[in-house]
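Just the one chain here, laid out as structure tokens, in the form predicted alone.
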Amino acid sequence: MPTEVKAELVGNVWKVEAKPGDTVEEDDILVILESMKMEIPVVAPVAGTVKEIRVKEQDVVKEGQVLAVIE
């Protein structure tokens, strides 16, 4: 069952570290958000394969927005 990785806060996508097809371990960094001059890493909650990255660098994200899907 796919796992959706969501933004915990409003911010800008500073860097996308993973791409579809990548194998990730739990706690690997998927995306780095920038909010209030701070870099906030968004990590994989589970190990698996990245199915989708739904954002690109410079996107503005909302709290709760799905950033990635891991299978």
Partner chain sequence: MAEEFGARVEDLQARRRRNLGMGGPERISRQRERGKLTVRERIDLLFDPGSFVEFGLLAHQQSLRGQPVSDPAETPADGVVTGHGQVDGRQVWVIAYDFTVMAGSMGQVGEQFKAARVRELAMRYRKPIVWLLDSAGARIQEAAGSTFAGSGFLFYDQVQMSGVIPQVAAMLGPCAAGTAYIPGLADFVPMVKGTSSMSLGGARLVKAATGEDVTDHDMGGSQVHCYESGVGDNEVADDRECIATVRRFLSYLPSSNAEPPPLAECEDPPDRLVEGLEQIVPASPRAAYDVRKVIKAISDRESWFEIKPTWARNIVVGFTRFGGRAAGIVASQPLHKGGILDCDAADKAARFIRMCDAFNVPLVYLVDVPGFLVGSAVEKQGIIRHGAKMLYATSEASVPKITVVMRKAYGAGYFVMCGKGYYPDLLVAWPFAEISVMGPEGAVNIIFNKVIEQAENPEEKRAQLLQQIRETISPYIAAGWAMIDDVIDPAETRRVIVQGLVQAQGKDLDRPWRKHGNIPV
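Residue numbers count along the first chain shown, from 1. Nothing here was measured: the structure is a model prediction, and the numbers come from that model.
What comes next is about the form predicted in complex with its partner chain, which does not appear here.
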I'd like to know whether E8 contacts its partner chain in the model of the complex, with contact meaning heavy atoms within 4.5 angstroms. yes
Going by a heavy atom distance of 4.5 Å, is I40 a contact of its partner chain in the model of the complex? yes
Do E34 and its partner chain come within 4.5 Å of each other in the model of the complex, heavy atoms counted? yes
